[in-house]
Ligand SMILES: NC(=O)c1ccc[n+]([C@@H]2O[C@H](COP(=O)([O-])OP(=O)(O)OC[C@H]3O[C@@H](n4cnc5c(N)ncnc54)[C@H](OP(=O)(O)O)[C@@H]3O)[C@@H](O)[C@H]2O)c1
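The chain that follows stands alone, in the form predicted alone, written as structure tokens.
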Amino acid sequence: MTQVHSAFQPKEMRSSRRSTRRLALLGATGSIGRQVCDLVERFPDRFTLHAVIAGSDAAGLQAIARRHPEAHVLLAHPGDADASRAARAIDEAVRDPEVDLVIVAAAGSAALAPTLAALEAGKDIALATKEVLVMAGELVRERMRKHGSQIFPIDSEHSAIWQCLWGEKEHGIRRLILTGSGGPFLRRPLETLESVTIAEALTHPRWKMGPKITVDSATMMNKGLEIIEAHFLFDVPYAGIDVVVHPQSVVHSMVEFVDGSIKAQLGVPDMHLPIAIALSFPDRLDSVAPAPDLAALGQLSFEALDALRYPAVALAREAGERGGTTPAVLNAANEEAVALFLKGQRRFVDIVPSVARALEAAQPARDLTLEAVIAADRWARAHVRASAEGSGRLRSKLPA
């Protein structure tokens, strides 16, 4: 296995003359971004916001600016006529020599270009946007190796694996075990999933997250994406990455070693914990969240993944194994299918089949370049939208 800086024997954060770590935050007004701001405010002696970037929530960005007047703020409307100007401003922000750590929490594929720019500038990344590695894991790793950058994972599952691997040797690892709650439909009869409402899909039993990732948790596409992310973060083959269902969401993931032992990382379902570990590494911050009360929990249960209930996991694993731009097609098709569902234009049960059809129709490029990734992303989105429009016309012609 090739050594990846964020895995196994991670390096410490680059030394700085400053007593506080200066942060550039992409996706400041989202769920992760708001929790980053909370931690900065709780630990002002450790962190300061140097640059704060949001997509379209002007009011949310203004609120952050009022609490952090030292920060440079940027609102980058995705549909702006001057999108290229906004892209240049974001590029400058993540490359700024004053920035010690770039936090990537922007939604979906929009995070890819800024992440690559930050890595090219030699910046370390605290990564919450799994789509970056799903879309272009090889490109990301290439830039990490070339510029000496590191990635500190914020996803709770990958943070758990990262912590379990501290101090371990690569040859001692047998497999990574990602855990998932099973989402809101773990016990729901399969024949009733056709009537799932948007509100039901957005009611996660354990975590408070943004709409897109909450729907991904309901389909468990998030676990499929996390398999691909784990492959690139820790350089473990796909055959060595498994998923188990853990409804209590206390064990965030595990690592099995060749001697038969398993390490697990436990914590309450609170994203402040993995965020704090990524921001403060190699230190741990005091009292970020209460430790789980194991006696009060009573029991922790685990069960095998139901492939019939959650076909998205196998679909994503297959896309990862195919490589090239196939994972980019997977990611873009899923983003578009989820967006259509959240707009009320598709059913919940249409999401994963829409992604499967896009993968079947795609002609992925084997040579991974940024241009090829962007082209695959655009093609997949257009394919899902066109399929949805065609299906809508067909339904309108059917007798009531």
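One-based numbering along the sequence shown. Treat the numbers as computed from the prediction; the structure is a model and nothing was measured.
Below, we turn to the form predicted together with this ligand, even though it does not appear here.
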item: Candidate from I173, A126, V236, A76 lying within 4.5 Å of this ligand in the predicted bound form - any heavy atom; value: A76
item: Residue among P269, P247, G210, G240 with a heavy atom within 4.5 Å of this ligand in the predicted bound form; value: G210
item: Close approach of D350 to this ligand in the predicted bound form, 4.5 Å, heavy atom; value: no
item: Non-hydrogen atom contact G108 with this ligand in the predicted bound form at 4.5 angstroms; value: yes
item: Contact of S56 with this ligand in the predicted bound form (heavy atom, 4.5 Å); value: yes
item: Any non-hydrogen atom of L26 within 4.5 angstroms of this ligand in the predicted bound form; value: yes
item: Listed range touching this ligand, judged in the predicted bound form by heavy atoms within 4.5 Å, from 338-346, 30-38, 353-361, 43-51; value: 30-38
item: Residues in 283-322 with any heavy atom within 4.5 Å of this ligand in the predicted bound form; value: none
